[in-house]
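Shown below, as structure tokens, is a lone chain in the form predicted on its own; questions about how it binds or moves come after it.
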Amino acid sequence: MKLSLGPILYLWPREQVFDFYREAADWPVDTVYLGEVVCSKRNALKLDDWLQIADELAAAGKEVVLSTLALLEAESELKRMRRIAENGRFMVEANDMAAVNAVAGKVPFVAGPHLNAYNHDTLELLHELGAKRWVMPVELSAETLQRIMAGLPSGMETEVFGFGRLPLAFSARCFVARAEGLPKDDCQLRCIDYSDGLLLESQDEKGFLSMNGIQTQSATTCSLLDDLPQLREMGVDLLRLSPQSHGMAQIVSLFAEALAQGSVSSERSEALEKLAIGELSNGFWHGQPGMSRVGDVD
């Protein structure tokens, strides 16, 4: 099983993004996903910038994949998506069916986690269109994945979201703009003030969700570190680590060490807990509420 680095889901300053990927070039990840997935207003980096970063990562030996928006609402966004699909150099992660249509039959692609791929028939169709890999929707359990993988099209890889705040939903409304008392069309890109999302608490002051522009995320940070033996046994090909604003080099190292040693430990889990944003959870993987944490490592 290999490690992948998912696309940055937050709005970070331009130089922070470049610095992040300069460091990531030396991390023990095999695949790196690049690009804006959440909001088209976050355009400090143009496609040429992403391609420059992609070239540098490819030169460092990484497989590079360009990710597309998960929610397309305007012709300008379709135009940008088509440019990504037609880049001619790097594989594309299609995060909605318009992107699938743009790459179908032309180049191999990754069926992203935001497609509704929940059964064999859907995966068979995506495979016929050119998908060489699919990323499991984050709300599915290990039991469900086991059934799906039993009928997976031959040669199709499986990737699982293994670390990070879970991307749960998208909306045409910008939650951060609303929280700041701003209209969506004049949001002033206030997402940049929340480098890991805006925490939403329940009435008893417990973390419930995290708002990331038009995206709703979990308040907890999903971690399948303790579940690595099961993931490996099931034959999962890639485990996705979703970037957070600090400690990512150490987080990648913890997962890489666990994979190399073929085991997990309480010390490694405790170290990860100190680095993660919010409490750790793995409920969905175990068929429980997503915010739950199931199992302890001795």
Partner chain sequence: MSNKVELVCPAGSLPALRQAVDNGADTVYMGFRDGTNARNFPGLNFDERAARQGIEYAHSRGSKVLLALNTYPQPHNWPIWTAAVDKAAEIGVDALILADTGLMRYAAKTHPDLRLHLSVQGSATSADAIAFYREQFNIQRVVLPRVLSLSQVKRVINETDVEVEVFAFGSLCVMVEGRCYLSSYVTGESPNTCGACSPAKSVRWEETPQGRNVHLGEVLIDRYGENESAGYPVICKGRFWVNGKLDYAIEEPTSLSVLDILPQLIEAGVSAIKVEGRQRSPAYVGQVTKVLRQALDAAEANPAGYTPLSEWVAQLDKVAEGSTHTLGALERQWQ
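Positions refer to the first chain, counted from 1. Please read these numbers as outputs of a predicted model, since none were measured by experiment.
Another form, the form predicted in complex with the partner chain, is not on view; read the next lines as being about it.
*Asks:* Heavy atoms within 4.5 Å of the partner chain in the predicted bound form: which stretch among 154 to 162, 180 to 188, 84 to 92, 224 to 232?
*Replies:* It is the stretch 180 to 188.
*Asks:* Using a 4.5 Å heavy atom cut-off, are Glu75, Ala98 and Glu201 all in contact with the partner chain in the predicted bound form?
*Replies:* Yes: Glu75, Ala98 and Glu201 each sit within 4.5 Å of the partner chain in the predicted bound form.
*Asks:* Is Gly130 close to the partner chain in the predicted bound form, meaning a heavy atom pair under 4.5 Å apart or at it?
*Replies:* Because no heavy atom of Gly130 falls inside 4.5 Å of the partner chain in the predicted bound form, the answer is no.
*Asks:* Verify the contact flag for Gly278: yes if a non-hydrogen atom of it lies within 4.5 Å of a non-hydrogen atom of the partner chain in the predicted bound form, no if not.
*Replies:* Gly278: no contact with the partner chain in the predicted bound form.
*Asks:* Although the partner chain is absent from this view, report whether Ala142 comes within 4.5 Å of it in the predicted bound form, heavy atoms only.
*Replies:* No.
*Asks:* Looking in the predicted bound form, any heavy atom of Ile192 within 4.5 Å of the partner chain?
*Replies:* No - in the predicted bound form, heavy atoms of Ile192 and the partner chain never come within 4.5 Å of each other.
*Asks:* What are the residues of 110 to 148, in order along the chain, with a heavy atom within 4.5 Å of the partner chain in the predicted bound form?
*Replies:* Residues within 4.5 Å: Pro113, His114, Asn116, Tyr118, Asn119, His120, Asp121, Thr122, Glu124, Leu125, Glu128, Leu129, Pro137, Val138, Glu139, Leu140, Thr144, Arg147, Ile148.
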